[in-house]
Every structure is written in C-alpha cells, then in structure tokens.
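This document starts with one chain, in the form predicted alone, laid out as structure tokens.
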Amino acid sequence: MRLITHNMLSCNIKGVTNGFPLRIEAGNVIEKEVDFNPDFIRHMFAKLEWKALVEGARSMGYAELPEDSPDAAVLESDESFLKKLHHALLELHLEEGALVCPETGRKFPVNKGIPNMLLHEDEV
C-alpha cells in the first residue's frame, strides 16, 4: 500500500467521528521505483492531508518531508522537494502491517500490500 492510498483512507465503523488518519503499524516496508512525474505530484499536492502524510511517512521510516506543508512556490521551484514527495507518495510500499483507527484502536491488516478494510457485522 502506498502513502498516496493511505492519505485517502479512513475508518468507517458505525459511530466513529474521528476515523482519519489511520495510524500505520509497519511490519515490512519496501521501495519500488516509479518514474518521476513532477506535474502529477504538483496536481496531487492540493488533495493531500499534509500532517497525515508526514506521520505516515515517518512511521514507515522516511523522515525527509518537512513538518509543515510548503507553499505553492516550492512546488514550482524546488525539484528536490518534489522528488522527496514523489518517493514518499509512490515509491514507499507497506507490504505487511496494520492500519489503526485513531478513535477505536481497531486494526485493519495489510497483507501483500493490500489493506483489508472490511468491517465486522457489528461495525456496520
């Protein structure tokens, strides 16, 4: 599971009001090279929840992103930042581990890079 996916997932258990961001418990993280596309990264930047991305990246052992969200000028002028963001979003893969609901503590397993977000009958 890539961090770009993680940034869009939330806990949908009945009654949960604070299901985002899911905390990552990393078991196995791998890196898979992906072609760099700066236009795609610039386009996706506006859709990201920055704090959740930084926390997710750090929980997967990647600490190259700044704590605070950069402004738009950085996106246009700093290619090294775009490459770091590209690496975090697209090249880090959580192969084994879990996603944890911040409100209930419910763990959703991640196996072979696929998060299992299916709910139990009593959670629907």
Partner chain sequence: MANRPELLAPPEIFYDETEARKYTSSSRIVDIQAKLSERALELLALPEDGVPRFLLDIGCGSGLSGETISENGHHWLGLDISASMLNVAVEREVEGDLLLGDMGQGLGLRPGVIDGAISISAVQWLCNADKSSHEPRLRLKAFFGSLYRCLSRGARAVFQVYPENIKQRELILRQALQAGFGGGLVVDYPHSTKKRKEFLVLTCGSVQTSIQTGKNEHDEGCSEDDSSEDEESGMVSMSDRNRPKKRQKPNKEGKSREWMLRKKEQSRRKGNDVPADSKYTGRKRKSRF
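Values in this document were obtained by computation on a predicted structure and should not be read as measured data. Residue numbers count along the first chain shown, from 1.
Although not depicted, the form predicted together with its partner chain is the subject of the following passage.
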Exercise. Which of these stretches, 23 to 31, 43 to 51, 57 to 65, 70 to 78, has heavy atoms within 4.5 Å of its partner chain in the predicted complex?
Worked result: 43 to 51
For this session: Answer for T104 alone: is it within 4.5 Å of its partner chain in the predicted complex, judged on heavy atom distances?
Result: no
Problem set entry | Exercise: L82 in contact with its partner chain in the predicted complex, heavy atom 4.5 Å | no
Exercise. Any of the heavy atoms of L90 lying within 4.5 Å of its partner chain in the predicted complex?
Worked result: yes
Problem set entry | N18, heavy atom within 4.5 angstroms of its partner chain in the predicted complex | no
Exercise. Mind listing which residues of 1 to 36 have a heavy atom within 4.5 Å of its partner chain in the predicted complex?
Worked result: M1, R2, I4, T5, N7, M8, L9, S10, N12, F20, V34
